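Consider the single chain below, provided in structure tokens and representing the form predicted alone.
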Amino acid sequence: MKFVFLLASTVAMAAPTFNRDIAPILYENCATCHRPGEVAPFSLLTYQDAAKRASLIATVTKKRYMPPWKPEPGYGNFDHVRALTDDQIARIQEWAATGAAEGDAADRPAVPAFPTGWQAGEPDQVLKVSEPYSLTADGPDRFRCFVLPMNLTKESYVSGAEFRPGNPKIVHHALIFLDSTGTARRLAASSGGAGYQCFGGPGFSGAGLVMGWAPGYTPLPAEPSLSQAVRPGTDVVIQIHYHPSGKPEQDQSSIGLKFSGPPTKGRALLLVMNRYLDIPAGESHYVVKGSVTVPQDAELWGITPHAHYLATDMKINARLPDDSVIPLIWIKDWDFNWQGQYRYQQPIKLPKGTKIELEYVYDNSARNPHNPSHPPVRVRFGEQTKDEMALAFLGLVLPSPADVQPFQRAVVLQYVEDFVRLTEDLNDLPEEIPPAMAMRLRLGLAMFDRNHDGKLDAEERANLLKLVQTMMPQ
């Protein structure tokens, strides 16, 4: 009997407690969102906060729904990984199952102190949304774009950017773009309110993605060697995903910019995509593939996959010239509400000729709880809620600024070749083809369309591509 009592006491003593075992996990992985004033619906800073939700915490962590970290382990070595280990999940399970004990107060770590103000240093220019945006207490999430004029009087070089949500309780995530076309200004002017409604993208072609932000994001320090040239008339466009908090709220977010001299390295954005989506209603496993070849040696520092509500699985690999494969990212349970920009711990070297391969899977059946259409409808490529996308942004570093123009020229030529090869009708040109090139393609269509039916056969396409290559800027 004495042995049984001692054994029971030992087991009880070994049971996890909040102060010793659970608080360190929550403070490191959950508190960035689950604290007062942030986007999460409740705080997890105290024992009382966590204990009354012990069963819920155990359930969502076991399913890996929380913390919201989507990439699969082993497919890309990323910075600031929020995923819990198997051991951490097991400790939470045991803590909830054994009564969610508080434990000795002396074992509890200090509540984390979160930085206030600009985390990457005081910016050179602060741009703030011109007027507060009002969000209703409930209803669907909102996607709003805000135009912030930079008011530059001469060409300048942006070397760093940091986003600050005005109201963290409702700002779910944000994407920041540059617009030198004036399109975003016109969209905002015609909307009749703060900003303009936007969903899949900011609504203008040639959008330069500057950065993405989500709660817990650590801003990068300014990098003068990779500064980005910005000409007068350029606007910053912030696309914000708002999540209602249960009461009326307002937000007036801002972004801080740092400037420097011209870059010493090249900075390029590589877009891999497939715009030829045609997903039948009811199809539960629609597979889309796409690829683009890296035209010269480069280093990959970050990746941002993107799709809408029907995507379920997305995988992106780099196939090197020797046919070896580097896994870049794999997300098995894509959720549009938890998309992110992922930075690698170390840049990945991509030699010239590396093929970036994309493979996405979509579920357009009634069984997909994220499907925005009831009953399901046929879905094609587009920026609206009920459209779909299959793309990924890859942030690359090139040896020198002089490499950027030939790099982009070669990539655009690939886009043109793919478009000409995959379609007969050249009238609906994709946005990633610059306007000047689109005009040349239409002229080429008129020149080589011998029977004037608006289409090109294989020989006519080949001749058009030869002409395009000679017309590309050197």
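Small disclaimer: the values here were computed from a predicted structure and weren't measured. Residue numbers run from 1 along the displayed sequence.
We do not show the form predicted together with a small molecule, though everything after this point is about it.
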Since only the chain is shown here, I'm wondering whether P41 would be in contact with the small molecule in the predicted complex (any heavy atom pair within 4.5 Å).
yes
4.5 Å heavy atom contact, G282 and the small molecule in the predicted complex
no
I'd like to check something about V420: if you look in the predicted complex, is any of its heavy atoms closer than or equal to 4.5 Å to a heavy atom of the small molecule?
no
May I ask you to check whether G233 falls inside a 4.5 Å heavy atom distance of the small molecule in the predicted complex?
no
Does the small molecule come within 4.5 Å of a heavy atom in each of I316, K355 and V361 in the predicted complex?
no
Pick from 189-197, 378-386, 150-158, 76-84: which stretch has non-hydrogen atoms within 4.5 Å of the small molecule in the predicted complex?
76-84
Which of W118, Y276, F259, W338 has a heavy atom within 4.5 Å of the small molecule in the predicted complex?
W338
Consider the chain as shown here, without its partner, and state which of A51, L56, L45, V412 has a heavy atom within 4.5 Å of the small molecule in the predicted complex.
L56
